[in-house]
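Just one chain is shown here, as structure tokens, and it is the form predicted on its own.
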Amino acid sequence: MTKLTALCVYCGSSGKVRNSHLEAARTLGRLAAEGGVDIVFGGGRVGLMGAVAEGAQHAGGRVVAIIPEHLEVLEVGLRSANEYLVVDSMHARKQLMAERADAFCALPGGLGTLDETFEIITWRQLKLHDKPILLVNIDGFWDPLLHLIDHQIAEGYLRGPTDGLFQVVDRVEDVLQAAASAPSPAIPDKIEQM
């Protein structure tokens, strides 16, 4: 079983999204706070990023915002976070988020969310870590990606199946239990060496 003290959440910063996605992000933040789990996220106070942080903070939880200098103004950084860390690059942001988390989940998002999610899955595939990774398939959001992965396997670009690299859950209510139920990491964490 994974000891879950900090959950890294990858998600979008756009506010022009379904209300069900915003509500799910708030719910995830609240559930993490109620479970004593810190939220580690990309540092913005808008879109799903802002919603997950808001849900956690309103429930008395801790949030760790990690934002690169060049996005601090663009993403409207959440300076009220318990920890507000400004880093010098996108890579530094992703690495620090990975170092600070016991598990990862991806809510709906855009290209940045895909970038973060693919990188952490790839790092797991390369055995740089074996922390739990969850795709939260709210409203079937990740279905096209899952079909693409099946296509990559069928075409011989991935050694399938991808079982063990990540888990898919349909609701944010299942995230904490799924992450905590994953086997304890057995691979010495090499993320700091990236």
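Each residue number is its position in the shown sequence, starting from 1. Keep in mind that what you see is a predicted model, and the values were worked out from it rather than measured.
We do not show the form predicted together with a small molecule, though everything after this point is about it.
Triple contact flag Arg30, Asp38 and Gly61 to the small molecule in the predicted complex, non-hydrogen atom at 4.5 angstroms | No, because Arg30, Asp38 and Gly61 lack any heavy atom that approaches the small molecule to within 4.5 Å in the predicted complex.
Would you please decide whether Gly77 lies within 4.5 angstroms of the small molecule in the predicted complex, comparing each non-hydrogen atom pair?
-> Gly77: no contact with the small molecule in the predicted complex.
Determine whether any heavy atom of Ser20 comes within 4.5 Å of a heavy atom of the small molecule in the predicted complex, and answer yes or no.
-> No.
Does the 4.5 Å heavy atom contact test between Val73 and the small molecule in the predicted complex come out positive?
-> No, Val73 sits far enough from the small molecule in the predicted complex that none of its heavy atoms falls within 4.5 Å.
Heavy atom to heavy atom, is Arg93 within 4.5 Å of the small molecule in the predicted complex?
-> Yes, contact at 4.5 Å.
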